[in-house]
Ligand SMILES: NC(=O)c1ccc[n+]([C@@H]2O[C@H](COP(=O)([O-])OP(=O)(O)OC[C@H]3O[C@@H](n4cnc5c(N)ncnc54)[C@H](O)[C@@H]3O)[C@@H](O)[C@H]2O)c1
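Let's start with one chain on its own, the form predicted alone, as structure tokens.
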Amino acid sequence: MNYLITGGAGFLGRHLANKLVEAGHNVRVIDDLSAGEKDALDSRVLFTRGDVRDQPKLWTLLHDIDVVYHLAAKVSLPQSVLYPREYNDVNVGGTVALMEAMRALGTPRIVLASSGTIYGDQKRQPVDEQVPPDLRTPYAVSKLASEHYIFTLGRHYGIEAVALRIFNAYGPGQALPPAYPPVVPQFLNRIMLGGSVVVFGSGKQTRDYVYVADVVDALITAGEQQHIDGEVINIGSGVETSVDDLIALIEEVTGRRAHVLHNQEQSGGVQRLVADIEKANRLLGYRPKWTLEDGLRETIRLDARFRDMIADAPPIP
């Protein structure tokens, strides 16, 4: 099989690309490297630096492609509030440009990496795919708009389209940007170095943390499975974990005590969010293999940053 992964040098993209080439597939990646890491890709992956809105470049890369994994996007929720036009241009505009290019080349299938943030704050948990969206950020708006575009244009262009709403993915190699870093690597980094962990809100707010290997398995299956055209599918662990419980678990797996600072004045975001994964199980045979504890241990084992900290950081009294 021949695959193109947009945003393929990013966290999810490179894990997906590397697993596909290990399985003997041909993989092409396009990434502008605004957040990706080219050096983390297997040498067998054909890498092209470029913008997903660059249609002439897409036309070149889409020749003989069987499935496109569309992962290219700007992903920071707080930044999307500050720069909504940029998020719309890249996330929505990039999706439309890609669909037009796929039409021109006759590419038959697209799998979109969408987001559980579309659900916002819901009274009924876990959330299934029938729950009406509660859009709290321009990022969430851009992901829902991208879903509508792949399904609407897919019907017009004869392209099979599937959207996976991915919840809080984590794992080795996840970036730690200076502004708005993801919670799992941020907490690991601070706790293992003896720094302070700032918890916004009560610390009782919950999320669904899903290990990257489980997400990759779901993406691969979604690219192969028949009779799922037009489907939206949740991909999470199905387990609800509070911020306080996440910190306690990191303390357990690292053997280090967290210095926690609570900031009650700043919101911790939605109060509860956990995925109902029954549909993923039914349509994709998806069953998460990794518990949060095992995923954290594997992240530390495979990520040199954290592995070195375990060996070198002084113990916390």
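In this text, residue numbers run from 1 along the sequence as written. What you are looking at is a predicted structure, and each value in this text was computed from that prediction instead of being measured.
Just so you know, the form predicted in complex with the ligand exists too; it's not on screen, but the next bit is about it.
Site annotation in the predicted bound form: the residue of T137, T206, N168, S237 reaching within 4.5 Å of the ligand with a heavy atom is N168.
The partner is absent here; in the predicted bound form, the one residue of L292, L61, V52, L284 having a heavy atom within 4.5 Å of the ligand is V52. With the ligand left out of view, the stretch that reaches within 4.5 Å of it through heavy atoms in the predicted bound form is, among 24-32, 61-69, 271-279, 248-256, 24-32. Using a 4.5 angstroms threshold between heavy atoms, A73 counts as touching the ligand in the predicted bound form. The shortest heavy atom separation between L12 and the ligand in the predicted bound form is within 4.5 Å. Although the partner is absent from this view, V90 contacts the ligand in the predicted bound form, with a non-hydrogen atom inside 4.5 angstroms. The ligand in the predicted bound form is not approached by T95, whose heavy atoms all lie more than 4.5 angstroms from it. If you take 191-211 and check each residue for a heavy atom within 4.5 Å of the ligand in the predicted bound form, you get nothing at all.
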